[in-house]
Ligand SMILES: Cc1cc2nc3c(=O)[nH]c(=O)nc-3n(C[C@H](O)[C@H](O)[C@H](O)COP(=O)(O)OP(=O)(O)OC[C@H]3O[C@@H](n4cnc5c(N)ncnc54)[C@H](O)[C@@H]3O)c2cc1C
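A single chain, nothing else alongside it, follows as structure tokens in the form predicted on its own.
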């Protein structure tokens, strides 16, 4: 639906202040960046700083670690299967490398593993490519312009953005491998945006000191996923894709080595055993846990499955006490609520303005600061814009981009969002967008090394499921980079590991039995089951009328 009349009246306030803001932008006059002291104060408004939103985990390798209740709930839960009923004497599939997850990290890992001579299976919960990679819009960072940038500056930006809490080895690998990742994508036909002479276009992202964010209009993730998915599908003789089949448990052997996984076919409700010499966990994030009831940008299957089953098998977690809330998610129209509005809008000149049409924060602050400033403006200062749904938001003044760069720029550079809003009768080259922070990224995850290895022999990690690269706050453009850099590394090293492994030993799910026993000993009595696989959005009044007491056949 288009903006109702009450919002159109408020937009007139934005239009009134726009000429002066555009004039300042043209003169490079910006709202000053926050001082270190101001940064500390404003972060009090960030959801991560609400201690009441966390509790300690009572079991497992990271016992005692305080993280979000929603994440603890899925970690302190029972397996979907009774291990005693699973016959591990016969494998339904055997392979060198099993990749769990069919997004950008998993697919790039599969490609590199195949190039080392490995037979690969990709097991994915939904369709191949249904992943947060597809939802990424703005771009991918890499210091490809050596005459004005280098991995040195990129490293400093990543560390600073993460509050210098990042694991240095992981950051070093991320930034030094970044230019090769861009080159690799170029060789495979990825259509990054370029100038007429073929030079790659780049923009600033929040928290960056150089313009190193490469992009493909505002659909960068789609373009990257298209490229590597097509490449993987063209190697079907070596890479087999099993869709609608999430992993619900890892399988170990009697030596404690990862030796495969138990898959659940969501269409037939059957379980299948995959025996693998090496396993790569690439299941992505957890936005669909809706931590602190925030809306999310994440795809439907982002439910922390990989963290749950690897933690149960003995892999610790790190940095999960922080979650990224992207500053600009759609808060109205309601049908698009939670959808990401790329940071590229701000990088291209769009201001964030309050109900008075006034700018209140520099748009190039790191994401956690930007999100905290928006929440403060709405919650404490009462300067938010009321949406018809009862929620509040802030204007992202996208028409400024046309005013700065010429008529038609918004439609040309942001085709995805231009078309989306057009469906609602809103022209974002003429009217601003109403936004609010939205749960976007899982800063932390499973502990792993810069080789992709974990504490569990035979298990490798790639992408958002891993923790430590981004510290306590990820900068824009480093998630797409993360999946390519560490996907490629995990794929190569997993294939090498598989070559060196000859004895698979006896398969077992004893670690699941042990975990159930630990839950019991910790006094955790629960009917929760994890991984949850898909979120349940059934409304309470509908649940009240779902009265079936006995299920017969396949009909609920």
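The model shown is predicted, which means the values in this text are computed figures rather than measured ones. Residue numbers count along the first chain shown, from 1.
Just so you know, the form predicted in complex with the named molecule exists too; it's not on screen, but the next bit is about it.
Partner proximity in the model of the complex, defined as non-hydrogen atoms within 4.5 angstroms of the named molecule, places exactly one of 144 to 152, 188 to 196, 251 to 259, 462 to 470 at the interface: 462 to 470. Checked against the named molecule in the model of the complex, the residues 444, 437, 432, 246 give one hit for a heavy atom within 4.5 Å, which is 246. 132 is the sole member of 328, 208, 351, 132 with a non-hydrogen atom lying within 4.5 angstroms of the named molecule in the model of the complex. In the model of the complex, the named molecule lies farther than 4.5 Å from every heavy atom of residue 398. The named molecule is not shown here, but in the model of the complex it comes within 4.5 Å of a heavy atom of residue 474. Using a 4.5 Å cutoff between non-hydrogen atoms, residue 138 counts as a contact of the named molecule in the model of the complex. Mapping the unseen interface onto this chain, residue 305 counts among the residues with a heavy atom inside 4.5 Å of the named molecule in the model of the complex.
The candidate site formed by 100, 298 and 478 is fully in contact with the named molecule in the model of the complex, as each residue has a non-hydrogen atom within 4.5 angstroms of it. Residues in 70 to 86 all lack a heavy atom within 4.5 Å of the named molecule in the model of the complex.
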